[in-house]
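One chain follows as structure tokens, the form predicted alone.
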């Protein structure tokens, strides 16, 4: 009787699922410079977000939890009152930063012109 191997997940599909969401890449990018607290991450997401709605606390918490579950970031609770929690990249998260940098560079090269043309058309 032949053994059946478990279905392998496509690495691209698995990667896409891991980073799906509006803010995950930006959170990882902000954490590349070191640990940040919740409020600092939220402020970082609001930088350069002209015309977009503010991120709600619920959505940010969900994104942070998903990144923690995927092993890209680590949550450190200091057990203080008022609560003090820091988020930092794990080794896996740090290995992901060059990927985000490549996406950012591609965007600067290829999307900057499209944005300028769209702005000129208005």
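Quantities reported herein were computed from a predicted structural model and do not represent experimental measurements. Positions refer to the first chain, counted from 1.
Omitted here: the form predicted in complex with the DNA. The next part is about that form.
A.B. asks: Are any of the heavy atoms in residue 109 no more than 4.5 Å from a heavy atom of the DNA in the predicted bound form?
C.D. replies: Close contact is absent here: in the predicted bound form, residue 109 is far from the DNA, nothing within 4.5 Å, heavy atoms only.
A.B. asks: Applying a 4.5 Å heavy atom distance criterion, does residue 38 contact the DNA in the predicted bound form?
C.D. replies: Close contact exists here: in the predicted bound form, residue 38 approaches the DNA to within 4.5 Å, heavy atoms only.
A.B. asks: Residue 91 versus the DNA, in the predicted bound form: is there a non-hydrogen atom within 4.5 Å?
C.D. replies: Flag for residue 91 set to no.
A.B. asks: Is residue 97 part of the interface with the DNA in the predicted bound form - any heavy atom within 4.5 Å?
C.D. replies: No, residue 97 sits far enough from the DNA in the predicted bound form that none of its heavy atoms falls within 4.5 Å.
A.B. asks: At 4.5 Å, heavy atom to heavy atom, what parts of 57-83 sit next to the DNA in the predicted bound form? List them in sequence order, or say none.
C.D. replies: Sequence-ordered list: 57, 58, 59, 61, 62, 63, 65, 75, 83.
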